[in-house]
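Quick heads-up: it's one chain on its own, the form predicted on its own, in structure tokens.
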């Protein structure tokens, strides 16, 4: 599964749900029952998703549902809906603050927690190592609210990003970078994608169709990266056959860590081509 782009779609907007299925090309679609749906629309959103999720052709996209937080009166109704919809493969859990094993065990779906509170950040390791967690992301606006700060101070915060990406790497989950709110600033969005990729993130959560192709491009290996990886794999495997564990390639030392990195690049390139 490749998660270069994860598009949020309001669960109460039938037009947008249909468009996400038929026209748009994110790797994941997150049908939202939380922030984008006001309280009086929660029930209607569940009715729309109950009808459309199984009806529409999602074209190989990973289909997720962001449920409401565990401490709200909407959570269990959301979970009951997810359990009925076979097409839904992942539950996105906002404001995660502790172990989430029960969600995977109760639904059989994978889990993607969002680190959005002070408690969640301090417990990020417990959250990410929960059973069924395959990806993790975070939210700066909710986090700033939880600590009484200004969200602008947490945009690009390297401490949060490092903790999230390290926890993901430690437990084999995909780290997905945060939502970028300025829909007009596509160059700024691209710069943030490049920063996130350099830190180890494998994708970006998006909130507008214009952001999808940029995320898909940035988080896919470039032609130059693929060419380098192919040369490294070929040269290193030949060296192994000769009993050598390190080689010189283009005046650079290549050893096992570079070989493993090259193989990862080629695997991601194959996944991107399949999408």
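Residue numbers count along the first chain shown, from 1. All of these numbers come straight from a predicted model, not from anything done at the bench.
Keep in mind the form predicted in complex with coenzyme A is missing from the figure; the text below concerns it.
Think of it this way: in the predicted bound form, coenzyme A has a heavy atom of just one of 169, 122, 147, 183 within 4.5 Å, and the residue is 183. Here is the short version: of 160, 179, 199, 77, the single residue with a heavy atom within 4.5 Å of coenzyme A in the predicted bound form is 179.
Of the candidate stretches 245 to 253, 231 to 239, 56 to 64, 204 to 212, only 204 to 212 has residues with heavy atoms within 4.5 Å of coenzyme A in the predicted bound form. A residue is said to contact a partner when one of its heavy atoms sits within 4.5 Å of a partner heavy atom; residue 266 fails this definition for coenzyme A in the predicted bound form, lying far away. Of the heavy atoms in residue 260, none are within 4.5 Å of coenzyme A in the predicted bound form. Although the partner is absent here, residue 2 is not a contact residue: none of its heavy atoms lies within 4.5 angstroms of coenzyme A in the predicted bound form.
Using a 4.5 angstroms limit between non-hydrogen atoms, residue 36 touches coenzyme A in the predicted bound form.
In the predicted bound form, coenzyme A lies beyond 4.5 angstroms of every heavy atom of every residue of 41 to 64.
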